[in-house]
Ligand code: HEC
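Taking the form predicted alone, here's one chain by itself in structure tokens.
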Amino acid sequence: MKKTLYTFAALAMFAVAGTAHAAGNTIEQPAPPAGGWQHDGIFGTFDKVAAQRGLQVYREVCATCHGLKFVSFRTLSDLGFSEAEIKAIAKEYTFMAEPDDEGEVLERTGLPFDYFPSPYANEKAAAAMNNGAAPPDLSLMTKARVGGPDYLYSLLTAYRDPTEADLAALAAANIELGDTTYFNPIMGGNQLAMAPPLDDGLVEYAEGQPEATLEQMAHDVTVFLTWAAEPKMEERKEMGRNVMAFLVIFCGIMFFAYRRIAKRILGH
């Protein structure tokens, strides 16, 4: 029975792969930036300075179209922002207050317990302003896509003009680039409705920070969005290390206890 299930799973995988190939899906494999990610591995931690720059990129570029509805302002303290800085960031946003005694709803400035708002009133408004497709919320983006941060970084840095080979592959698959889409080999169908969001120097980093190249901004905003998707990652890793250390010590104690008991019972 188990062998049959394995065989069925393998055939299903080949079928999916064949369908993707037949559809002309020439998706490139997402790749991390040079040097990889500081948060990778069991001992990896978030680069909080990079994440702070990534927040700046999100607010100045990405927030025009994408929300961050699962991230509250006060959680930015995990990235090293002070209480005063968090309050200042929150005050730059407006929210609808609770109805007053007369039932009138007024606007108020943001508070630390608020969450980053969507740039649109609702999903239909978002779709209407973006050629019928509402821009996705970015709160869980690096968890929702295969490849995680590698996918997002590659997507942001992979925009380019298609080569003749690219066009030939698309033509062979009966795929035509739309007038309002942009070539991006990381995407299925190799095109994306979102225009290239980043360009060298688009954001001005503070003095003493790295130059705001396209690659650097893509790296920084990916670090920030990876933290946004899993803000307790460092705590989870620390707990995992502690549990593993406990198990190793426990196994050692049990082994020596077993040896001692066996020696008494067996006499050797």
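Note that residue numbering begins at 1 and tracks the sequence as displayed. All values derive from a computational prediction rather than experimental measurement.
In what follows, reference is made to the form predicted in complex with ligand HEC, a form of this protein that is not presented.
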| item | value |
| --- | --- |
| Ligand HEC: the contacting residue among Leu79, Ala173, Ile86, Ala134 in the predicted bound form [heavy atom, 4.5 Å] | Ala134 |
| Single option in Gly147, Pro197, Pro112, Pro185 placed near ligand HEC in the predicted bound form, where near means a heavy atom within 4.5 Å | Pro197 |
| Interface membership of Ala193, ligand HEC in the predicted bound form, 4.5 Å heavy atom rule | yes |
| Tyr93, heavy atom within 4.5 angstroms of ligand HEC in the predicted bound form | no |
| Ligand HEC contact at Leu156 in the predicted bound form, heavy atom, 4.5 Å | yes |
| Residue contact check: Leu214 to ligand HEC in the predicted bound form, 4.5 Å heavy atom | no |
| Which of 206-214, 238-246, 220-228, 39-47 lines the interface with ligand HEC in the predicted bound form (heavy atom within 4.5 Å) | 220-228 |
